[in-house]
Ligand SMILES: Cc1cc2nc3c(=O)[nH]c(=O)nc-3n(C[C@H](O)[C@H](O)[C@H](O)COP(=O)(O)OP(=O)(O)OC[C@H]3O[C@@H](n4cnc5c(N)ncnc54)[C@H](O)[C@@H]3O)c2cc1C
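Before any questions on how it binds or moves, here is one chain, the form predicted alone, in C-alpha cells.
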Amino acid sequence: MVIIGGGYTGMMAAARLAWRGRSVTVLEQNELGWGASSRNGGMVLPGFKSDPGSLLRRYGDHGRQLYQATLDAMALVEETIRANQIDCQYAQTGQLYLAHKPALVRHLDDEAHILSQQFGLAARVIPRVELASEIGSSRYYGGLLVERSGGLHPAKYFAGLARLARDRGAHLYDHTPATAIERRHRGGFAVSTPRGRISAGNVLLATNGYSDSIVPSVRRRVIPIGSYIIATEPLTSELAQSAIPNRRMLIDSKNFLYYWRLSADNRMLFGGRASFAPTTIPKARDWLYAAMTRVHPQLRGVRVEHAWSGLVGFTFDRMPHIGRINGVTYALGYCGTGVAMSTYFGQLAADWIAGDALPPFWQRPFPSMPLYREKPWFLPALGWYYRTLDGLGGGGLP
C-alpha cells in the first residue's frame, strides 16, 4: 500500500492501515507534514463551507449524514489525542461565527435552530448588544456560538499522528515524491520515485492543496488557493482577555474571511486572504496586521513575530471528496476546514481500502471546470465576484 502525501490524511490512513495489518509506505515530496498539516490555524470545527441548512436543502437526508460526519470527525480527533496521549494543547473552547453585515444576522437564528434541534449541538445567537462579552470589537452585528469546537497546535498534532503511524509499522519517507503511477497488468500499481519503484496493491492520493499532475483528473478538480497567517508576540493576560474573553475560535462571514484565535501562550493568530491573486508573505503580513487592528484596535502596537502562508485545497462545490479514479483512491478538498475532516478522511479511506463499504452519502460527483488543467485561470473573476458579494453583504454561513 502506497500513500502519496504526508499530512494529516496520509498519516491517519497509514496508522489505520498498519493497525489493520497492511504494509504501508508514505511518500512525501517535502518534509513530513510540510503543507497545511503544520501551517493551518489549528481550529477543530464541525461543518463545511456549506452551512447545515444548505446541506439539508441540497442533499436531503444525505446532507444530514454529511454534517453528522463532521461531528464524528471532531470526536475522532479528540479520541485520537486522548488515546495516544498527543500533547498538542487541544482545548474545546467553542466557535463564534460573526456576521459582518446586518442582513446576515437573520440567518443565524435559523442555523442555531437546525444545529440544536437536528444535531443536538449547544448553539445560540449572540446579539450585537451582547457581543462585548465574547469579542473586544465593535465591527460585527451578531454571532452564532457553537460550543462544540476547539483549537490545537497543528504541528504538534501532526507529530503525534506521525508517531502513531511509525509506531504501528508504517514506513514514512520524506523528500521522496511520487513521479508516476502505472497500473500493472496482473493488478495493483507501480509507483515511481527518484529512489526507485514501489509495487503496491493500492494507492491513496492525499495531497489536498498540493495536488499535482500525477493524477491529472484529480488535479483539475482541486483549486490551490493561498492563505496567510500572522502570529503576534505573546499578549499580556489583560490584553488577551480584552480581545477574546472566552478564547473562542473566531471566524467572520465574508467570503474573503478572517479567522483568528489565541494560542496557548497568548499569541494572537490571525489569518485570511486579501484576494485570490498570489502575493508575498511580507505584503500579506502587513495586510493582516492592518485587518487585525481594525477588528481589535487594542492590539495596535503589538509586534508580529511570525508570518507564513500555505495552500488551501478548494473544490468547485466547496465540499471535500473521497473516491476512486482509475483505481487510485483519493481523499482531499477540505476547503480550509480540514483539521478534523482530514483526520476522518484518512481513517475512512483506510477502511475503504481495507474492504469496508464507503457510505453512500460520500459517493457524490466530483465536479470540474472546462479548460481547467493546471493554472486556475478563472480565479481573478471569481475573486472579483466574491469581493463584490462581501461588499453587498453576502457571505458564507458556518
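Since we're looking at a predicted model, the values are computed, not measured. Residue numbers run from 1 along the displayed sequence.
This next part talks about the form predicted in complex with this ligand, which is not shown.
- Proximity of P224, T315 and G323 to this ligand in the model of the complex is absent: no residue of the three has a non-hydrogen atom within 4.5 angstroms.
- Only one of 347-355, 362-370, 58-66, 37-45 places residue heavy atoms within 4.5 angstroms of this ligand in the model of the complex, namely 37-45.
- Though the partner is left out of this view, Y258 does not reach within 4.5 Å of this ligand in the model of the complex, counting heavy atoms only.
- Within this chain, A206 lines the site of this ligand in the model of the complex, having a heavy atom no more than 4.5 Å away.
- By the criterion of a heavy atom within 4.5 Å, D212 is counted among the residues contacting this ligand in the model of the complex.
- Residue contact check for P52: none of its heavy atoms lie within 4.5 Å of this ligand in the model of the complex.
- Screening L311, M74, I198, V302 for any heavy atom within 4.5 Å of this ligand in the model of the complex leaves a single hit, L311.
- Residue in contact with this ligand in the model of the complex (any heavy atom within 4.5 Å), chosen from I229, A123, A99, A162: I229.
- Contact residues in stretch 1-37 (any heavy atom within 4.5 Å of this ligand, taken in the model of the complex) are I4, G5, G6, G7, Y8, T9, G10, L27, E28, Q29, N30, W34, G35, A36, S37.
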